[in-house]
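Only one chain comes next, encoded as structure tokens, the form predicted on its own.
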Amino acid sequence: MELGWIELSGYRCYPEIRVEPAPGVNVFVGDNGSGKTSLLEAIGYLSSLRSFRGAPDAALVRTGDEAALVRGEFVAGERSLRVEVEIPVEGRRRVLVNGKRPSSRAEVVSAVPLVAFLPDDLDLVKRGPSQRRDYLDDLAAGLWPSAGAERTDYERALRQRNTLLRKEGRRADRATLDVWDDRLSHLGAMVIRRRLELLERLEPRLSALYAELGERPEVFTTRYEGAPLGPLSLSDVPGLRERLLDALGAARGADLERRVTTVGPHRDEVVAIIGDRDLRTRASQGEQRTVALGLRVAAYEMLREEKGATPVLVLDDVFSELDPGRSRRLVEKLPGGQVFVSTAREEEVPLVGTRWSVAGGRVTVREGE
């Protein structure tokens, strides 16, 4: 998969630009604040329909403009996929894929495999559980279109149940809650099953990657903690819907009091363990960073194997965070494909490719490239 071209209008610091990247490595060089990350963010947005920086859509619109436009075309062999997004300051965005509205965000995520390495990837193992849940859910959506649809349906049902709780509190109609409980338990079990399937596939892969990217071989394992079901594994899947339904019933009093849904995969935790140590609390930052790198490399490899095509790769100012040894080992793990790199110091990037200058809302290829 390659990005043939991208056009931005009213996006972040860009009034209007068109970039036609090279098929291989593209290194965007510029001072901090010049717009390098914004360009990579726009590339990622075309594949995921959201900012990898966690920014709301309205923040992507250039100050003074009413809307931003992001367009691009991805090519894989003889197949092309044109994605166009209009992002207004207010109201709903408009998305077209090859001129038609996609059925869901998951349709786009599955069609355009892309993996982004980010400076804050350390949060995957160091911070709260939401980053680990999102990593699993995003990877599942990229691997299996139905997984993305299941997650979308779960989040929609969760919002509707929470809206009822927030508006009505203890006056909420019990029969209506019964309907939402049944829906949430059904969809929640499917979301958890996808996560457990991914963890089973990730564990041996992460153990091998840790040894290759790190300093010593150690076994990587995980523990999935269902809220409030406790540790879960694939062997628990057959009865999981019923257990979730019972848990929602048991928590209903608390939910009515707090006006929010307290049970389900949106509250679950994934504990990462290296050797016999909890990665969050008993590992060095170097070990944490190695596992975070391994998680991204694993996603890249799994998408390539499942899709039969090399994903687009985004490296946002990653090499400044790595020592030379880890930088070299990371590069060795990445096979040929289209790569986008941002950096303020190009000498830190151990990759050969097309260099671009980013400054003043413009992106220009270096002379001689």
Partner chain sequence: MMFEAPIQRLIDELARLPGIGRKSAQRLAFHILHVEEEDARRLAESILSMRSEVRLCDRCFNVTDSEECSICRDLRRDPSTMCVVERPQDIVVVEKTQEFRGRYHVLGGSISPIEGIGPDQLRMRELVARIEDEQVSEVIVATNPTVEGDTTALYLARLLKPLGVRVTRLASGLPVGGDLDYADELTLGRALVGRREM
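Numbering follows the first chain given and starts at 1. Predicted, not measured: the structure shown is a model, and the values here were computed from it.
Omitted from view is the form predicted in complex with its partner chain, to which the following refers.
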Worksheet entry | its partner chain contact in the predicted bound form: Trp144, any heavy atom under 4.5 Å | no
Discussion item. Does any part of Glu66 reach within 4.5 Å of its partner chain in the predicted bound form? Heavy atoms only, please.
Written reply: yes
Worksheet item: Arg223: heavy atom within 4.5 Å of its partner chain in the predicted bound form?
Response: no
Worksheet item: Though only this chain appears here, would Ser130 touch its partner chain in the predicted bound form if you measure heavy atom gaps against 4.5 Å?
Response: no
Worksheet item: At 4.5 angstroms, heavy atoms only, are Val318, Ser320 and Glu347 all close to its partner chain in the predicted bound form?
Response: no
Item to complete: Would you mind picking the one in Ala272, Leu213, Ala298, Ala157 that has a heavy atom within 4.5 Å of its partner chain in the predicted bound form?
Response: Ala157
Worksheet item: Arg259, Arg183, Arg243, Arg71: which sits within 4.5 Å of its partner chain in the predicted bound form by any heavy atom?
Response: Arg183
Worksheet item: Can you pick the stretch from 164-172, 263-271, 280-288, 73-81 whose heavy atoms fall within 4.5 Å of its partner chain in the predicted bound form?
Response: 164-172
